[in-house]
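Below sits a lone chain in structure tokens, taken as the form predicted alone.
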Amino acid sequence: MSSAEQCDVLIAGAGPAGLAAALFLIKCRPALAGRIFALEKARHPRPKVCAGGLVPKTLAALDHLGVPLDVPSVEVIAGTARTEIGSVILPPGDVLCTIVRRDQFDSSLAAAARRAGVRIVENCRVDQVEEGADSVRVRSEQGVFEAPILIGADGSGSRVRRAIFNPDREFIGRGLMIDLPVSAESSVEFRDHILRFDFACVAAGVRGYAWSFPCLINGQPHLNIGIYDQTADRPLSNKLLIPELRKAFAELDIPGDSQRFRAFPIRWFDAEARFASRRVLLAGDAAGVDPLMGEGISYAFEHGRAAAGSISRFLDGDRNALTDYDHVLRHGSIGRKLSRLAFAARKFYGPRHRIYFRMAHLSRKAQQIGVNWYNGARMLDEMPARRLIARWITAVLLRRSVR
């Protein structure tokens, strides 16, 4: 048997989920500096196809970790969402989302992790994972690594997930996107600091939505334009998705040539899946993200925080810690939120979607509460359901603030 590089915690994937777990771990156990290895199949800054939206809860996690947001970004403070029933408008207010380029953001996060003592091994694709009674061995392009615990944070196509958990069903949607240069003066997204969503494509059979986000590429204003389809059992072709995207934003010069678009998989949350074994945890896209909107960065940080807590207890001798992590991802605040979003996806993208879009138009207060809950603003997403409903009734019926 070949000798293996030994460490205390091994992470497959050096993206937001894996690096967040490492940073949370070192924050609570500084002695782990230099003893956490993250294996990255590419090299930072590496291309990453993603809209790159950071919601307020993600920014709060960065602040807690002491990691500055030191990459070019665009803050958005308003939003519109078009549906078959009409348009929903969120007027200017608090920051709804901060748009970054993922190659820059992930590279900055990796630099912060290195400063904290995480050893990132790049150009190191995971080939094989073997879980033993006392450790996990990973064979890779850069050799063999061994640790008492492994975090599988290697994306929607996770090799760790396939090797250890052998899933019998997969819930993987698809995103398709393109970046278009624009004038900041004439673009409503830049001028009004606004996000635009379009759910009218649901009528055409798309289980998802189209989006237009403002972003900066090499300092120049662009629109990140894309369409998300949640469908797992019958992926829709570009021949359907691209025309629906062009219809959603007909005033933009969106090309019809599919070769100019970039596609990416989005694994969404399955409450019946397993997220932990004896010595392996899944985090981020490997575990599954928001089924309704396909958003994953905030869950990468939430999974990272939860994984760090469980691993710290595991290293202290608590052999139930990883089972507890699985429970948190299923039934804790993370799991409850994702389950509710899965329920919403079934309704808004289902055969009776017009009814639910009509309900969403009834109250502007309810819309604002829903957005704040989704963004994790003021920790609304961790509030027990009864208290959240009580606040909703107070805000909507009595016209008082939800704060």
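Counting begins at 1, following the sequence as shown. Quantities reported herein were computed from a predicted structural model and do not represent experimental measurements.
We do not show the form predicted in complex with a small molecule, though everything after this point is about it.
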item	value
Contact label in the predicted complex: G294 to the small molecule, heavy atom within 4.5 Å	yes
Contact flag, A307 vs the small molecule in the predicted complex, heavy atom cut 4.5 Å	no
Partner proximity in the predicted complex: L10 to the small molecule, non-hydrogen atom cutoff 4.5 Å	no
Any non-hydrogen atom of P214 within 4.5 angstroms of the small molecule in the predicted complex	no
Option touching the small molecule, based on a heavy atom within 4.5 Å in the predicted complex, out of R274, R82, R137, R102	R102
Candidate site V206, L240 and M359: all three near the small molecule in the predicted complex by heavy atom within 4.5 Å	no
Listed range touching the small molecule, judged in the predicted complex by heavy atoms within 4.5 Å, from 308 to 316, 171 to 179, 185 to 193, 251 to 259	171 to 179
